[in-house]
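Okay, so here's just one chain, in structure tokens, the form predicted alone.
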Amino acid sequence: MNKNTRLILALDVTNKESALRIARDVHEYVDAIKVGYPLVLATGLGIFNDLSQYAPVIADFKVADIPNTNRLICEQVFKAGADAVIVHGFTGHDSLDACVEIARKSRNGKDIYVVTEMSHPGGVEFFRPVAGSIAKMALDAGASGVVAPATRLNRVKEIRSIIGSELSIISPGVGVQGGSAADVIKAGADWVIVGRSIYQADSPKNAAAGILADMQN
């Protein structure tokens, strides 16, 4: 994924027409579009290919199963047109390795991002004690990067100290959840992930442009 704007759109809508309209409006301001279960369940896997005409697509499926199931999920997601998959690491080395293996074998190479800690308040309850270990495992497994919360800048800094410059950090929680795009980039994130502040805005294009201006100040 090219680091041009350093902004990723989290497109958590459930209507195909709305999703494509928003993607078209903001594509020049984003480096990727993150799609989760709500949109895929409402529209089908074909939405990956539809959105890929505007930007690389990250499948935020937070894959968390045994190695064989993880492998099958990643195969189908990449086949459908996604460029990256977000997975959980708490299922262990073998499950993560299965995802990374499929990403490497996929045509043109694909990316795996591993969740270290989630951005909502409950994300600290169980993740915090193991976030560092998960980050180290992602590094050892050869993942492309990790997910760290923009809502807790100290955690982004700590994760960066573990993975060094070898992996990327994509960071959700900017906007409605309270995170600052400029601050999280300064803390060590490579990309910020923004959803509702863009797709619920009267003008998603203007909202995206405003976030980029904030990041550059």
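What you see is a predicted model; the values in this text were computed from it and never measured. One rule holds for the numbers: they count along the sequence shown, beginning at 1.
Another form exists, predicted in complex with another copy of the chain; not displayed. Remarks below refer to it.
Listed stretches are 62-70, 154-162, 49-57, 184-192; the contact stretch with another copy of the chain in the predicted bound form is 62-70, by a heavy atom cutoff of 4.5 Å. Under a 4.5 angstroms non-hydrogen atom cutoff, another copy of the chain in the predicted bound form has residue 40 among its neighbouring residues. Among residues of the shown chain, residue 110 is not one whose heavy atoms approach another copy of the chain to within 4.5 Å in the predicted bound form. Using a 4.5 angstroms limit between non-hydrogen atoms, residue 127 touches another copy of the chain in the predicted bound form. Of the heavy atoms in residue 92, some are within 4.5 Å of another copy of the chain in the predicted bound form.
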